[in-house]
Each structure stands twice: as structure tokens, then as C-alpha cells.
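The chain below stands alone and is given in C-alpha cells; this is the form predicted on its own.
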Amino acid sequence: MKKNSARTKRLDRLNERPPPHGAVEHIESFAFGPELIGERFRFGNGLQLLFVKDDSAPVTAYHTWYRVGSRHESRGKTGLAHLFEHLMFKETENFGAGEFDRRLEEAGAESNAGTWFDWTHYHVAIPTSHIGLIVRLEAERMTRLILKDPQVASEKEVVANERRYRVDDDVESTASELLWATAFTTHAYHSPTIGWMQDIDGFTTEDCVAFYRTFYAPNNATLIVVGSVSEAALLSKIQTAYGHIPPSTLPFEDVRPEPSQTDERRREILQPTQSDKVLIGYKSPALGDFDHPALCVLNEVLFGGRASRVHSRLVRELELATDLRSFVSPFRDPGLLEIFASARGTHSAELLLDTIDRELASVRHEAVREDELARAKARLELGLVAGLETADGKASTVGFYEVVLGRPNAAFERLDAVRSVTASDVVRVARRYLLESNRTLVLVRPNKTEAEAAQ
């Protein structure tokens, strides 16, 4: 009660003469794991702050999550969200080109960014003594980014080269992009986050200005701060730096649901590779769906590490494949359980697919063993807990679950859900999702002429 009373007094003082949009209110407290408590604040311009006090090290993680990703783009304008991930490190009205990175490096900070279907995320880990610097820098580039023809043209070329190197010249990325574009005919997950090349080439400076003014606004952003900074000092700095920024008018999000898939979709492509490859995409539930944790446990049983069922069978026993991976998409809307396998030697993609199918059939017809179930759960739990070792990891976890699910402590709800998955749950989701009518296939064949030329 004393702490709440003290906070109320601090907020009253901050709100005596706030900037035009800087009045701040405390919205809620939330538990973050067994020991830490988070606090949610909202400013007058809609900016939200999630703060978790963590004194385990003299470091503070300062993350900015924007609710904009490739799902918010229209056809013909794909890749804008990713382009802005690059542009945001360039010139602002008060900081010249390269100044942002230089100042962070001098302060001993580490920074990076990421864009995906549902969000764009800028993250900085900085010694707490320099927290004021990153608050000023992030507020500056939220509202004062310089977007003129030279800056836009330069970063368009950087992104085009990134696409050539990471997608067009990469066999697996090319096949994965085709898989998603084939699996999704209506939903925005059809288009890659990096964008189609013709769209990247066609971006105008006017496109970028409109995108920036719409989505890079305080009412579309959440700040995640985890570290040893004091709450009072943090609120004061954020109010001063961001309180003058007005909110934007956010557009209606017109994301169309993907129609149910009733038949297998299959594509074949020739690539400069020495062996066949197969990609399989089963439609999977959204991150917040009840079935998602059980499907992740099933995925670990089948593909999680060298002791998993399919790896043991395909790679170690039969020696049919040299590489095998899988991934259950953690998105706001239903995505894919994506499986990738690369054949050893002259083995065919059909043989890989047939062998994988037999293993998938087995989990649809009989219960997985208790030791398999325990191992899968342990791997998932370790992956989640390992991400919470640092302030930066905690901030990423808070931000991700806040932006995708609207619950900053949902990681721990998910941990409980994984622990409660039973063998019956695993069979249920296998029978519901691992169906031929529910999947998309991409079979990759060697283009021997190109492969030989590339050697």
C-alpha cells in the first residue's frame, strides 16, 4: 500500500505540468515469474511502458515494439516494414548519419532490430548509467527521421542486395518463400517480410513518409524496460522525451482470414543444389490457440534434436538425410508447422517424404512414450527459461507476448500449458493438424547445370 501511495504521489508531481501529450497513468501491476513484478503505464499520446525492476546487474534493456509488420502491408507494397528497420538507423533531424550507432557504441551499448509478420522490434542493452541517452535517441527517431530521396534510395539498394543474398541465392530460403506463398492465398502471411523484389524496387519516398507517419507513432508503440533503473527517473525521462509527440490515426487493420485448405498443394522447383530437398507446411494454430502448446510438444517429439523420432530414423538409422529441421510459427494468426529435409546423396525427395509420412502416421495412431513426452517438455522449458537469463532476454519475452497476445506475462502461462500437455493431447493435435489435405509441399530438384557452374 505504501508503494502504491508513493507512486500516486510521484505521478501527481509528474502530471502537474506535463508536456502536451505526456500525462502518465499507472494501469496495472503484473507478476513476471515467481520473483519479479512488472508495471504498466500509459501516457497521454497512447504510448505504453512496461517496466520490470531487475537489480541483478547494472544493465538496463530498453526495447521499442511497434505493432507493424508485413501483415500490415498491402499487395504491391510488401517489404516496407522491413525497409524501415534499416531506415531507422540512419539520419534524424538532430543526429547525422552514423551518429545513432556511434553514440551507443561509446556508451557500451548493444543494439539491433528485427521485423516479422506481426511486429517490428528495436532493442538496446545499455549500462544503466546511460539510460537517458537511449530514451532521447529512441524518441528522436520515432518522430524526426529524415526521409528524403537519397536516404530511401540508399537503403532500398541495401535491402535489394539482402534479398538477393539471403533469398534469391539461397536454396532453402527460396523454397520456404514459395511454401508460404503457396500455402496462403488470401492472408497477408502469403508475402515475405523482406518483400518481393519488384515491390522493393518500386518504393517511393512518398510511400515511406506515409508509412512512417502512420505506424511510427506513440499510440502504436510499447516500450519495454527491464533493469536496475529507478521507476521515478525512468518515467520522468520518458515523459520529457516523448510527451510532445502526438498520436497518429491508425488505419483499420483489414487482414483477411485464410480460407480452410481441403487439398494438398504441391510445387516443384529446380535449384543449384547437389541433392533433393523437401519442405512441408502443415497449417498450424495461432500462438494464442489452445492447441499451440501441444503441437509444439509434438514437434519436439518428432523433430527436436538428434534423439527425436524423425531425426533418429531419417538421419541416423536410414542415412537418408543430412539436414532436418522444423518450426511451429508463433504468430497472431494461424501459420505453419514447417518441416525441411535435405537428402543425402542421390536419395529422392519422394523417399524423404514417404519416410517422414510414416513417422507422422505413427503419432496419429498410438500414444507417444512417457520418456519422449518428458524430453520434449524439458527442451521447450529450457528454451524459454534460458531466454530469461539476462535483462535483454526478459525484455524480449515481455515485448513479444505483449504485442502478439496482449499479455506480457504469457510466457509463464505458456510454460504451465506445456507442462500440462498429455500423451492424449499429442495424439489429438497430430490427428487434427498432420493431414495431407492440410499441407503444402515444395520439392526441390537439383538443376545440375547451375549447380556445376556454381562449384
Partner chain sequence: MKPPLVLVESCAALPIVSMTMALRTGAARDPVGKEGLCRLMGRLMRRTGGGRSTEELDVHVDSLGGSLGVDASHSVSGVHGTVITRSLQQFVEVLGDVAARPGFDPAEHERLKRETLAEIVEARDHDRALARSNFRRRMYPDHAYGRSVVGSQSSIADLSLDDVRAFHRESYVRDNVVFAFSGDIDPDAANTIAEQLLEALPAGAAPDPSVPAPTFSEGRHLVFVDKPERSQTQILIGTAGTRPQDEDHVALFVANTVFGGTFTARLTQEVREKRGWSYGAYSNLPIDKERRALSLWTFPKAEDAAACLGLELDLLERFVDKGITKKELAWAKRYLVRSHAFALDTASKRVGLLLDEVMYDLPDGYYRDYTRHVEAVTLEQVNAAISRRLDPRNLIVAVVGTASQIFDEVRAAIPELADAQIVPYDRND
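Residue numbers count along the first chain shown, from 1. Only a predicted model underlies this, so the values are computations on that prediction, with no experimental measurement involved.
The following text describes the form predicted in complex with the partner chain, which does not appear among the structures shown.
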Original post:
Between the options 207, 231, 258, 101, which residue brings a heavy atom to within 4.5 Å of the partner chain in the model of the complex?
Top reply: 101
Subject >> Contact assignment for the partner chain in the model of the complex, among 267, 244, 379, 237, heavy atom within 4.5 Å >> reply: 379
Original post:
So which of 218 to 226, 138 to 146, 284 to 292, 300 to 308 is the stretch with heavy atoms within 4.5 Å of the partner chain in the model of the complex?
Top reply: 300 to 308
Original post:
Does residue 251 make contact with the partner chain in the model of the complex, using a 4.5 Å heavy atom cut-off?
Top reply: no
Subject >> Heavy atom of residue 365 within 4.5 Å of the partner chain in the model of the complex >> reply: no
**OP:** Please check if residue 108 has a heavy atom lying within 4.5 Å of any heavy atom of the partner chain in the model of the complex.
**Re:** yes
Original post:
With a 4.5 Å heavy atom cut-off, would you call residue 48 a contact of the partner chain in the model of the complex?
Top reply: no
**OP:** Scan 120 to 152 and note down the residues that get a heavy atom within 4.5 Å of the partner chain in the model of the complex; none is a fine answer too.
**Re:** 125, 126, 127, 130
